[in-house]
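One chain comes next, on its own, written out as structure tokens in the form predicted alone.
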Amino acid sequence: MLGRHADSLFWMARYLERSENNARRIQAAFHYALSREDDGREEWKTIISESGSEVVFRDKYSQITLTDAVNFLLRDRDNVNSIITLIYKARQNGRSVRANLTQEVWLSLNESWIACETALKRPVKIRDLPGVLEGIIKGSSLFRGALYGTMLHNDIFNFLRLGTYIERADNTLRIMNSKHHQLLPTARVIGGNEGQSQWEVMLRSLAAWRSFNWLRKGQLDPASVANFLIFDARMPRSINFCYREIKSNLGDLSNYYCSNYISYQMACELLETLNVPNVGNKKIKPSEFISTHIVKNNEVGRTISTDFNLCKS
């Protein structure tokens, strides 16, 4: 496969995954804001800062309000990680490799863009926000369903899945990093009810609130939350799960192209560190572990680009 085609597949999947991740994070922050007198201003501030467009936001608004934060994150074209910008870039990458996609996959992507553009044509009213976010998340789910249900599981499929899981691992790590103080052994004592609320925001942002409660029967504690989000191989957004998928798809590409790739060896080594839950071990500091793996995940992504001659779209 030509490097530019693999690049478009890889980044199409990354942008679409990022748009869903951002929608889930806005959804969780909005749920949290409903119970706060200040509309969860600090939570919105964190999300805007991590979008990489804090300076752009400050140039436009004197303070953070719920309405301004939501519309900036959803529909502001000057925000490189706004949802409308991400879905547009995903569609543009998809158009360039349309011949490599099944009709169902292309239509699901194109319809997601049309629905998003229609919903975000005008500023979103707060009462309409839940429906808008559900529509964005649903569009991403339909894309995944079409991908698994109609695409050959060949190198095209592998590049799409690599983009998805590199992005997903990055998202999980960054959300945990922004709230790593909630994962300290003393968090239950220091944080009190506020700490529990932040755990809920973290888990909801990763579509993990219900599954965690199903396993733990509502018993929240720092080590359990960290172990679940990092090490649990059953949880589709855990780092362990993501790297099992990354390793599998890189292994398929190694076999398909009859080549030994550095990125595959890196993924194997990283997965080895994720095989045994050990956040409870005093030798492991959650903040250092998370920040180290953010760097490692970025290195794997860059090495994939080098191994397969990709350049960021």
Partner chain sequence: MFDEMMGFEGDVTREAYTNLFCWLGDQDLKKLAKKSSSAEQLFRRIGITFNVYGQKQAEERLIPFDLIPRILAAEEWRILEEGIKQRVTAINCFLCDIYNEQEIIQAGIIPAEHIHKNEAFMPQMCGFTPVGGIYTHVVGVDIVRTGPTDFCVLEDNARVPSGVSYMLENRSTMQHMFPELFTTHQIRPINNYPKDLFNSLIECSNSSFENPNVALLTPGIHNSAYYEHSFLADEMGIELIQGSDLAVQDGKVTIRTTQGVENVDIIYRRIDDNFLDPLSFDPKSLLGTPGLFDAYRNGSLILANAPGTGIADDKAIYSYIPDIIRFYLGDEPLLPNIPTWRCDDKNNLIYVIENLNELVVKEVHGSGGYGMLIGPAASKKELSDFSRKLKANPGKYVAQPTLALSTVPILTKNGLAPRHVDLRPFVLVSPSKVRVTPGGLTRVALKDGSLVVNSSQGGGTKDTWVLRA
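Owing to the predicted nature of the structure, the values given are computational and were not obtained by experimental measurement. Residue numbers count along the first chain shown, from 1.
Same protein, other form: the form predicted together with its partner chain, not shown, and the subject of what follows.
Under a 4.5 angstroms non-hydrogen atom cutoff, its partner chain in the model of the complex has residue 99 among its neighbouring residues. By the criterion of a heavy atom within 4.5 Å, residue 103 is counted among the residues contacting its partner chain in the model of the complex.
In the model of the complex, its partner chain lies within 4.5 Å of some heavy atom of residue 114. Contact annotation for residue 159: at least one heavy atom lies within 4.5 Å of its partner chain in the model of the complex. When its partner chain is considered in the model of the complex, only one residue from 237, 144, 91, 179 comes within 4.5 Å through any heavy atom, namely 91. Exactly one of the stretches 227 to 235, 103 to 111, 78 to 86, 123 to 131 approaches its partner chain in the model of the complex with heavy atoms within 4.5 Å, and it is 103 to 111. In sequence order, 1, 2, 3, 4, 5, 6 are the residues of 1 to 38 having a heavy atom within 4.5 Å of its partner chain in the model of the complex; the partner itself is omitted from this view.
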